[in-house]
Every structure is written in structure tokens, then in C-alpha cells.
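The chain below stands alone and is given as C-alpha cells, in the form predicted alone.
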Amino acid sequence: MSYDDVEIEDMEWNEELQAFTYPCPCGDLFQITRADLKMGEEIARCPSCSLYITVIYNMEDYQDPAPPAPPSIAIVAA
């Protein structure tokens, strides 16, 4: 069972870890990377204990943008 549900907006971006972090009661930090979010992961784990949190976020915000549609070609009959 998840220790807590945390909104991504309540987490901090840690440049050194290249991860979103949130304080863990053990004194370390729960961590989840952008790559994890991109893959649909929603669990941020603490590297020092067995606790984890569920991260609430909009998955679409971390997906690659859809490739542009090919240009349409108009065919004009002569």
C-alpha cells in the first residue's frame, strides 16, 4: 500500500538527481524521473527504506508530442 498520494506539483525537481523528489519520513527523498513518468510510472520510491508514494500527474504532459500529420495534396482534374 502506498504511503501517500502526492500531486506532481507538490514535488520538487532535483537537478542533481534528475528526478522529482518529495521528503520521506526516513529522512531521504522519494524519487521519480521524467523517463519514469513518460513510461506511465506513478510510483516514486525511497532509496533508503521500503516506503513509496503514488504520484498524481497528467501522463499527457510527459509524453512525446505526436508527429505532425503529412501535408495533404490536392489533386486537381484537368
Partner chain sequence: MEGSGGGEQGGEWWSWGAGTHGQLGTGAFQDELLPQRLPPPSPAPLLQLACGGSHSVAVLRNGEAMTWGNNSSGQLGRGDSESSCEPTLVKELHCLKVHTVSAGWSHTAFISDDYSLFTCGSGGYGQLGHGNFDSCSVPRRVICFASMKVFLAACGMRHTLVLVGSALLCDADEEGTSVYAFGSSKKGQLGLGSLGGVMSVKGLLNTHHTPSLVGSLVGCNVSSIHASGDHSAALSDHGNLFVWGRGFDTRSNFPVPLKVLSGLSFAQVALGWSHLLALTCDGQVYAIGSRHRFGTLSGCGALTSEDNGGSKSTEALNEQRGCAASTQASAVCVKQFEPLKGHFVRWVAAGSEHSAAVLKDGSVVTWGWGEHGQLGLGNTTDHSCPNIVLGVPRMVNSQVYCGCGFSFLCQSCT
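No experiment lies behind these values; they were computed from the predicted model shown. Residue numbers count along the first chain shown, from 1.
What comes next is about the form predicted in complex with its partner chain, which is not displayed.
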(message) Can you tell me whether Asp28 touches its partner chain? I mean in the predicted complex, with a 4.5 angstroms heavy atom cut-off.
(response) yes
(request) Check whether Asp10 has any heavy atom within 4.5 Å of a heavy atom of its partner chain in the predicted complex, and answer yes or no. (result) yes
(request) Mark Leu51 yes when one of its heavy atoms lies within 4.5 Å of a heavy atom of its partner chain in the predicted complex, and no otherwise. (result) yes
(message) I'd like to check something about Val55: if you look in the predicted complex, is any of its heavy atoms closer than or equal to 4.5 Å to a heavy atom of its partner chain?
(response) no
(request) Using the arrangement in the predicted complex, list in sequence order the residues of 1 to 22 with any heavy atom within 4.5 angstroms of its partner chain. (result) Met1, Ser2, Tyr3, Asp4, Asp5, Glu7, Glu9, Asp10, Glu12, Tyr22
